[in-house]
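Take a look at this single chain in structure tokens; it is the form predicted on its own.
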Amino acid sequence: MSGQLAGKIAMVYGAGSVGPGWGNGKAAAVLFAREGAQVLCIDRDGAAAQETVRLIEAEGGTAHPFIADVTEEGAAHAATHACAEHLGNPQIVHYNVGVSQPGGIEDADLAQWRAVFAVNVEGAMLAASAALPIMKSAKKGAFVFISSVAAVASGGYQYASYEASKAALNRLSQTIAVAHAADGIRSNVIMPGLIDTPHVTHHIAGRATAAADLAARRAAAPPMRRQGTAFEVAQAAVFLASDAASYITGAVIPVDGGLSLTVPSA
């Protein structure tokens, strides 16, 4: 690899995967390490975090696992402290944690709505607030938040809380970008489109016919006529976290095969 992140310390929230294969966070953690970063692999599933660490170490990289529930107020501070203790002060925070709940406004259950926002927005805020003092002291840092094209476009089904939370995440990143640009801190968003990950398979587990049908419909929707891969999302994350993106902040970048330029159909 090209060593784009050589010497960097990165925290990856959501570094595990819900099943076999490559999720966005798992791919990001591994690719960050391949590009030279030391990585704190954070996940609420300790076994999943440890698996990512093993993959990194098997390739000669350095990583450390950390179990955390991002909805717990002290979790991000504990993760940041662990990063400093085991690897060094974080220079990159990659937030790849997200949940969804189907349904429109008329179907909305307040508890479920709040649960989606707690993970997708509040967890991101807590992750940022925990790392900001260290980054401000160093006069350098980069946040990369994983959002979704659902923040700017609706699909063929209703996920009101998910769409609203991802739109809020986009704006949160831009708020951080403006507030801390003079501190040498950048904040950017990636909006994946239809990506082939275990998360998709997990929600239709045991339904092979449905899975194949869904995959075909998802592949047909983007102008590129295929689903993306977790590593295509991770490549964008590496760029935004690297010094090559030193004059980019507040950006919201689709990685979606052109999907957000169309009316989504899957």
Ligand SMILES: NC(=O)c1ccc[n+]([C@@H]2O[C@H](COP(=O)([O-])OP(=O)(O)OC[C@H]3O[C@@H](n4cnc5c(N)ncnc54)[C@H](O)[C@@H]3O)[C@@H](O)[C@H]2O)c1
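All residue numbers refer to positions in the sequence shown, first residue = 1. From a predicted model like this one, the values you see are computed outputs, not experimental measurements.
The same protein also exists as the form predicted in complex with the named molecule; that form is not shown, yet it is the one meant from here on.
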Is R226 near the named molecule? Define near as a heavy atom within 4.5 Å, in the predicted bound form. no
Can any non-hydrogen atom of R34 be found within 4.5 angstroms of the named molecule in the predicted bound form? no
State yes or no: in the predicted bound form, is some non-hydrogen atom of D45 no more than 4.5 angstroms from a non-hydrogen atom of the named molecule? yes
is_contact(L132, the named molecule) in the predicted bound form, heavy atom dist at most 4.5 Å: no
Of 83-91, 173-181, 105-113, 145-153, which is the one stretch near the named molecule in the predicted bound form, taking non-hydrogen atoms within 4.5 angstroms as near? 145-153
From A76, I185, L194, V121: within 4.5 Å of the named molecule in the predicted bound form by heavy atoms is L194
Do any residues of 1-35 have a non-hydrogen atom within 4.5 angstroms of the named molecule in the predicted bound form? If so, which ones, in sequence order? G14, G16, S17, V18, G23, N24, G25
